[in-house]
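Given next, in structure tokens, is a single chain: the form predicted alone.
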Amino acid sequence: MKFSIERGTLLKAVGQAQSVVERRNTIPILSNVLIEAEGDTVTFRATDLDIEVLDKAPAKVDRAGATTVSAVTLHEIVRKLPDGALVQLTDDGANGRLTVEAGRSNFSLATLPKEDFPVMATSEYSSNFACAAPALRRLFDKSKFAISTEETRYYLNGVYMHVSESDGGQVLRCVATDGHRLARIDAPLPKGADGMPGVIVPRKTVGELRKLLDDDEAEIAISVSETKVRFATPSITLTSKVIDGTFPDYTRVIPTGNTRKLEVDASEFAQAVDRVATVSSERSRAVKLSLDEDKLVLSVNAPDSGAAEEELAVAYADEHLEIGFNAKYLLEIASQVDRENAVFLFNSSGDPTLMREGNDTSAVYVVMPMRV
């Protein structure tokens, strides 16, 4: 195998591959990227047995072939090469080495036979449809902060992507929750997605998928089966197992009878929460919200380190209410708001609170209060 490729193109392809590879693993081949050169294309494939990424890049192929080499080492080498360099990769199958040359730099890397590389079994996908990158990006970006990190509740360690009913008909919906807060984001249902099985997309896959969604013009081809999900652009294909579990009935925890309405400038609110939380003890980080007519007082009282208070002008016309929240949760939810105003709907100091952006119900957040 022998081919030449532009450094920037190679860096992008190997970067995607090396981030899938698990740093600590007992199977040496799983640290490697499978490089296959044929025609005028080189493909880079990496897997951790749960996720597989396949990246196609244009190259000048002098001799077709395939080999596997350490993904992390190759990525580090390419990253340190000068911008605009032309990189030549030559595999000498006889002595198990891959030579990487660029200008005056020359590296010789150990390889493992391509036959040992595990290729993820293909699945029969029951549902295939396309979704615009910005819509998919919004679905996952706005929900992923609420993914649980608790390994025992493994079925919450991802984003639940499914088809659901909304006021205006069927929607493609992503939901994530860790039991303390919940995010529910809707997008118009793409053509052909109506029969899609609901799947829980794992946290790591959500992170890898983000790299496919930067191009606003891109159409992402999505294929879903009961056990796998695949996201593809013309050059990158990301295939992942889905979490084998049942996502809880999240509709039960979304309050419907919350009538006390607070409207506040989202960025002012986030900055004020951040400022008063500075003095709170790291462990609890509780912020108290005291609401009176058109006035919100945020306060933190940490006996061991001090106290803080800040007043904001808001739109609120209900009776006095005092309620406490974890500062981190408030900040994460407030930072999701793209519009100017965040609307909070309260019931009482012990009930879950609902938050949305203005009158838009396509993004809804729930946060549990804390005792303060």
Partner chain sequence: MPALCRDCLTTFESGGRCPSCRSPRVITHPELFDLTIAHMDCDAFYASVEKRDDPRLRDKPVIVGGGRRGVVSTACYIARIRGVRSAMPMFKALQLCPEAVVVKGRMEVYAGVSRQIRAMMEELTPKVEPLSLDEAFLDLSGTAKLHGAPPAVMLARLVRRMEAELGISGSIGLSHNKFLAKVASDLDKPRGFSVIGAAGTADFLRDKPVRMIWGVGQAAQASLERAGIRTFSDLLRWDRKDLHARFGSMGDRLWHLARGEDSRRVSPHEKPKSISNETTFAEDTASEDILDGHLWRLSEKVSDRAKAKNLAGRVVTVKLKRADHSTLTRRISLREPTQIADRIYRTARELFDQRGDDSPYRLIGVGLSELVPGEAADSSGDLLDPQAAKRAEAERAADRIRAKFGEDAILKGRALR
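Computed from a predicted structure; not experimentally measured. Residue numbers count along the first chain shown, from 1.
What follows is about the form predicted together with the partner chain, which we do not show.
K.L.:
Can you tell me which of 87 to 95, 181 to 189, 268 to 276, 115 to 123 lies within 4.5 Å of the partner chain in the model of the complex, counting heavy atoms only?
P.N.:
Selected range: 181 to 189.
K.L.:
Could you spot which one of F44, Y316, F346, Y329 gets a heavy atom to within 4.5 Å of the partner chain in the model of the complex?
P.N.:
Looking at F44, Y316, F346, Y329 one by one, just Y329 meets the 4.5 Å heavy-atom criterion.
K.L.:
Identify, from the list P248, P197, G207, P134, the residue with a heavy atom within 4.5 Å of the partner chain in the model of the complex.
P.N.:
It is P248.
K.L.:
Is there a non-hydrogen atom of P352 within 4.5 angstroms of a non-hydrogen atom of the partner chain in the model of the complex?
P.N.:
Heavy-atom contact with the partner chain at 4.5 Å: present for P352.
K.L.:
Should T177 be counted as a contact of the partner chain in the model of the complex, where contact means heavy atoms within 4.5 Å?
P.N.:
Yes, T177 sits close enough to the partner chain in the model of the complex that at least one of its heavy atoms falls within 4.5 Å.
K.L.:
Quick one: does V242 come within 4.5 Å of the partner chain in the model of the complex, counting heavy atoms only?
P.N.:
No.
K.L.:
Do R252 and the partner chain share at least one heavy atom pair within 4.5 Å in the model of the complex?
P.N.:
Yes, R252 is a contact residue.
K.L.:
Using a 4.5 Å cut-off on any heavy atom, which residues of 351 to 372 would contact the partner chain in the model of the complex?
P.N.:
P352, V366, M368, P369, M370, R371, in sequence order.
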